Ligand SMILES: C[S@@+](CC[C@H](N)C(=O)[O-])C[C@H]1O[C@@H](n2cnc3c(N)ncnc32)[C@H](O)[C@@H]1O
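Only one chain is shown below, in structure tokens, and it's the form predicted alone.
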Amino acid sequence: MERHTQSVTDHYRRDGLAEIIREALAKDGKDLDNLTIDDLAPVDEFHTRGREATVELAEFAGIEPGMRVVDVGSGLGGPARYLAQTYGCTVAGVDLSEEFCRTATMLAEMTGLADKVSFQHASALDMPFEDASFDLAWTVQIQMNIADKARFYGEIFRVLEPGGRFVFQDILQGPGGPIRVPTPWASEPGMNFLYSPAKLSDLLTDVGFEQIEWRDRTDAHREWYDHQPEATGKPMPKLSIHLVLGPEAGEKRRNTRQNLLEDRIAYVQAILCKPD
């Protein structure tokens, strides 16, 4: 387990990421003294369809003002800041990458949201929260690296209060066979732990969740990729997710699109509930 955790940490490591993003924001003409969450959206939404998916998932989840939210695998904190500013939620993020947490904290301070969002360097398999601490658990494309999914979802179940909701968007195994690597989440096949939609649904039930709604969003993600540089041949913007993905950004994104086109992956959004 420790060896696998280290390989995942190494995969996502981007030394000096906070400074890289700060410099890119300045070069893009952003006012660093009056930074907004919209200024950050091109770079801090570390998942497919970016801010578009965050807005869609929040509406799907029925977010209510003032909710206590845990963002598991919070990355650079884009969704956490969106939920805090748009809905007035208090959001606690956890991520395995110390550099991501440091960068997310910096960006929260720069956008004036440090009183509403916080980020802790911790494992999703052992979160530093008491039982029943949150009204809503939120994950966006995090479980692909996690082998022990029962423990992962069990931790989410544990920190939710009875009646609390769990909402996610995730990448699952499609019928087209093993994925092409590298991808944004896996440098090699041994880092990839995708379940089929049916297998994941069964596991979540075994953990104790009640399913409210489950929907396939693969077609929407295919359509989105049709307009991205990987499909159009246009250059990546200077301020974009490639700053996070590193030197192999182009290959990782091309492989993700190809995995989609060949039905090797699927995208699902779901809402579940911890029974009262």
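Position 1 is the first residue in the sequence shown; the rest follow in order. Just so it is clear, the model here is predicted, and its values are computed rather than measured.
Keep in mind the form predicted in complex with this ligand is missing from the figure; the text below concerns it.
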Per-stretch contact check against this ligand in the predicted complex, the hit in 24-32, 205-213, 43-51, 218-226 (non-hydrogen atom, 4.5 angstroms): 43-51
One residue of 118, 173, 183, 97 in contact with this ligand, assessed in the predicted complex (non-hydrogen atom, 4.5 angstroms): 97
Single option in 91, 137, 140, 104 placed near this ligand in the predicted complex, where near means a heavy atom within 4.5 Å: 140
4.5 Å heavy atom contact, residue 123 and this ligand in the predicted complex: yes
Any non-hydrogen atom of residue 270 within 4.5 angstroms of this ligand in the predicted complex: no
Any non-hydrogen atom of residue 145 within 4.5 angstroms of this ligand in the predicted complex: yes
